[in-house]
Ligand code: NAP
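In structure tokens, the next block holds one chain alone, the form predicted on its own.
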């Protein structure tokens, strides 16, 4: 990155902490904001920020601001940031749902230099201790520029995101919300449903035996059920229409597989082989999406 920036990160959890840890060795000035002083102290001790405060006023001279708070307070935090940040500052976020945020920005009476963002990376864990400098390596990072955003600022943010190791995908906010419902929010709901179904199986004896025997398959299928409850409910509530639609479409699609399983054995075998081939081609050995 040629130019040095003053970069502020609000929210030093899994995503915010990972951003700072990756940028730690750059020449950019890194500023951290957290609701908890002990988190600021830890970030300063680990030298992932040069300045930090529980007072959001510290961001007033920042060139770029990442809002990394929970989804349910992102909009309120953005409203505060708009009042404090300098007009030319590039403001972005990492919320997993974009439509309602972009609606607010685009309908704002005054220009807001906002570029919506969503890194397609993370784990079920939370907090600064769970953050990782390699979190975004070869991950997709969605950008949804507002009507106020200038191309030069989108390019600057792209440079920062590339520095984080991610690949930028620019798209419409509502298309984003439909897409992530399919590959993020609905899988979360499905994982929760599966765990709850087995854990509370009506036949108690069979349910207890199933939970006792559960190994890697059940563990991997239900990993998302352990997602930070605040993050999980925020995503599902904010994108519930798309999640419910995906669920209904999934039920209809699964009936086709069910029919093949019961009545069309040869078709089912062929279908499964095709699924296996496509799934293997989609991800690298490191688990990164490489086919699209």
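Numbering follows the first chain given and starts at 1. Treat the numbers as computed from the prediction; the structure is a model and nothing was measured.
What follows is about the form predicted in complex with the ligand, which we do not show.
Q: Considering 180, 160, 121, 105, which brings a non-hydrogen atom within 4.5 Å of the ligand in the predicted complex?
A: Only one listed residue qualifies here, and that residue is 121.
Q: Select from the listed residues 210, 169, 139, 73 the one whose heavy atoms reach within 4.5 Å of the ligand in the predicted complex.
A: By the 4.5 Å criterion, the partner-contacting residue is 73.
Q: So which stretch, 58 to 66, 31 to 39, 244 to 252, 263 to 271, is the one near the ligand in the predicted complex (non-hydrogen atoms, 4.5 Å)?
A: Looking at the partner contacts, the answer comes out as 31 to 39.
Q: Indicate whether residue 12 is a 4.5 Å heavy atom neighbour of the ligand in the predicted complex.
A: Output for residue 12 is yes: heavy atoms within 4.5 Å of the ligand.
Q: Check whether residue 99 has any heavy atom within 4.5 Å of a heavy atom of the ligand in the predicted complex, and answer yes or no.
A: Judged by the heavy-atom cut-off of 4.5 Å, residue 99 is well away from the ligand in the predicted complex.
Q: Even though the partner isn't displayed, in the predicted complex is residue 190 close enough to the ligand, meaning a heavy atom within 4.5 Å?
A: Residue 190: no contact with the ligand in the predicted complex.
Q: Would residue 228 show up as a contact with the ligand in the predicted complex if we use heavy atoms at 4.5 Å?
A: Close contact exists here: in the predicted complex, residue 228 approaches the ligand to within 4.5 Å, heavy atoms only.
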